[in-house]
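First, one chain by itself: the form predicted alone, in structure tokens.
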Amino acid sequence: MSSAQPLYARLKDHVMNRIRAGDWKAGRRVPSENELVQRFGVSRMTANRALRELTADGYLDRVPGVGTFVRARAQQSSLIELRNIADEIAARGGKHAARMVVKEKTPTTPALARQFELSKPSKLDHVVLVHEENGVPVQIEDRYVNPAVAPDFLRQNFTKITPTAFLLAAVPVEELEHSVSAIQPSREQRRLLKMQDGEPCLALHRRSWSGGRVVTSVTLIYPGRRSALYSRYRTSANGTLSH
């Protein structure tokens, strides 16, 4: 490392050398701006520029209010299968935690009645949770459930068992519907996911049926820069799904 380099470039080299050497692995928190200022005797502006450029180059991920982390490959979640997010995180070697935001019974609006194929007014169970991986928010789960199909849903402690895990155990799934869209998150969604202004999200919309009735309608919202949705399945020679 040449002393003729600008200070911010020397800081970038220091961080990159630790990453390349394997000292700082994916998901590890790197020193904050204040810590870099104290350790290297540089200005806060210099430390900020080094971290900002490493983030723009794709080596770091800065989560407001949480810290700066060595960026891992985009966290993948299944698009087609019903997968428990706690299991997905554990399979990556991470630690899952969930934070409850909303847990309520709510009247069925006309839009919800159409989603649940209901002809009579009723109430639905509604939960909103934030799922975290190693302390970093990775998904908002906004779920409605038909209590006539899953009557014990709201009695569960969803910081101990995920809604998906409970529903898979309680109600057999016969049919699934998926759609994906790119969205600009609301201010509240950005706050919950600790995202910067202007960052997009991926939204996976899913409904499931059992016994000819809609069990649940859920929207799963992922920070676009930290997430990827995937699927893999067998096809026939002409590219259609195999059965």
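One rule holds for the numbers: they count along the sequence shown, beginning at 1. Throughout, rigid core stands for the largest set of C-alpha atoms superposing within 1.5 Å between the two forms. Bear in mind the structure is a predicted one, so any value in this text is a computation, not a measurement.
Not on display, but discussed next: the form predicted together with the DNA.
Just one of R190, H178, R49, R213 comes within 4.5 Å of the DNA in the predicted complex, counting any heavy atom, and that one is R49. Among R206, R28, K194, R62, the residue placing a heavy atom within 4.5 Å of the DNA in the predicted complex is R62.
Although the partner is absent here, A182 sits far enough away that none of its heavy atoms falls within 4.5 Å of the DNA in the predicted complex. The shortest heavy atom separation between P200 and the DNA in the predicted complex exceeds 4.5 Å. By the criterion of a heavy atom within 4.5 Å, V218 is excluded from the residues contacting the DNA in the predicted complex. The DNA is not drawn, but in the predicted complex it has no heavy atom within 4.5 Å of G58.
Once both forms are overlaid on the rigid core, the distance between the two CA positions of A182 between this form and the one not shown is under 2 angstroms.
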